[in-house]
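Shown here is one chain on its own, the form predicted alone, set out as structure tokens.
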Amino acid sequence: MSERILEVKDLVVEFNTDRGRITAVDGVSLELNKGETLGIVGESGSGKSVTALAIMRLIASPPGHISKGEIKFKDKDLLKLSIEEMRKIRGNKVAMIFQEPMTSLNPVYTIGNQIEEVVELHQPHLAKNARHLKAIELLKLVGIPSPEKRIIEYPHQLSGGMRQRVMIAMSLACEPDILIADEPTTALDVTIQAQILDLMRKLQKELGMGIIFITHDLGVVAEMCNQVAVMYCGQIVEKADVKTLFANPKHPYTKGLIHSIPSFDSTSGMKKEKLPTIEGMVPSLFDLPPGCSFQDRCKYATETCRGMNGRPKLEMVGSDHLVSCFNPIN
């Protein structure tokens, strides 16, 4: 049995706004095992990134705050740690890479300066020359050619794919147990995206780290992940291992996402018929409907779904397969 390294229980994240309080993450529970990849999928505004920031304890307060839940990393509840104790975990044991590296890297410092700063923060005992050699070693690890030259360059001198590799190098500076990747390939072209995904799989195998992969792309999930959690309006609506989810989706939203993936015919290439879509829009968190939040976009919705009994609970429908739906698909 795989070692459990992260367990999130009933996580609730709220934000105070000019229009009132909203719940961006509502009762989310997740598990991650060592050496495995958990995919978190959903449309923009579903709560994926807020969940990741909560795990890192990076929710800006005010206006946001974690009002409920547990985030257990091994035997420690991260929500009970002091700011100083959390700093030792963040980046050192749990690291994160973001989707747009150009906004994450400082344009006025060299690549080497920025990697060495991370190394110095978490390994202050290393001498300056050792930090420099460590930075070169990290650039080699992520497949950047001529790292001795690249280390004195600035972010604008690198391509998007190279900048993302630099971000991965920085996140791996302390060989973390968990790497959270928030849509790390969204801004990259397909060829570079494939290279970054291959790199992450290779590094995971070498370092044995667990990965939380946040994306809206189910094609990437099928390729990268062991377990999948589908989010909608701040809640998990379905959770299963990747094979079960694709073979037997139980939630109408999950089924809609899977059907919207472009299919490829080996004889004629990409199929030319119009892709199915999920009609309608994600409701505003300020004005969620009573009952199921997906009701206005769901062809299976009944009066029960539109009733006043609240949102459906996440319940077991098979071995390690959970769904939050009043009428799960058979």
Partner chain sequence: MNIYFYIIRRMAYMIPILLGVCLVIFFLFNVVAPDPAMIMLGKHATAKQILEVRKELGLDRPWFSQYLDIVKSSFTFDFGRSWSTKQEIVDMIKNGAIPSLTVAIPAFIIATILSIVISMFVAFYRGSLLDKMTVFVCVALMSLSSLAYILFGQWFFAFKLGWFEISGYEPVFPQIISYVALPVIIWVILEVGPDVRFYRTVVLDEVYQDYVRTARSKGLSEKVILFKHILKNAMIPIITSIIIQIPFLILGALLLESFFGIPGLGGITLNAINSSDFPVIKAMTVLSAVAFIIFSVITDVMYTLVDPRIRLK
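Please read all numbers here as calculations on a predicted model, not as lab measurements. Positions refer to the first chain, counted from 1.
Quick note: we don't show the form predicted together with the partner chain, though the next part is all about it.
The putative spot formed by 90, 108 and 117 is fully lined by the partner chain in the predicted complex; each residue has a non-hydrogen atom within 4.5 angstroms of it. The contact residue chosen from 205, 156, 80, 149 relative to the partner chain in the predicted complex is 156, the criterion being a non-hydrogen atom within 4.5 angstroms. In summary, among the residues 191, 129, 103, 260, the only one with a non-hydrogen atom within 4.5 Å of the partner chain in the predicted complex is 103. Among residues of the shown chain, residue 66 is not one whose heavy atoms approach the partner chain to within 4.5 Å in the predicted complex. Contact annotation: residue 53 falls within 4.5 Å of the partner chain in the predicted complex, judged by heavy atom distances.
A residue is said to contact a partner when one of its heavy atoms sits within 4.5 Å of a partner heavy atom; residue 167 meets this definition for the partner chain in the predicted complex. Though the partner is left out of this view, residue 178 does not reach within 4.5 Å of the partner chain in the predicted complex, counting heavy atoms only. Only one of 140 to 148, 68 to 76, 117 to 125, 196 to 204 lies within 4.5 Å of the partner chain in the predicted complex by heavy atoms, and it is 117 to 125.
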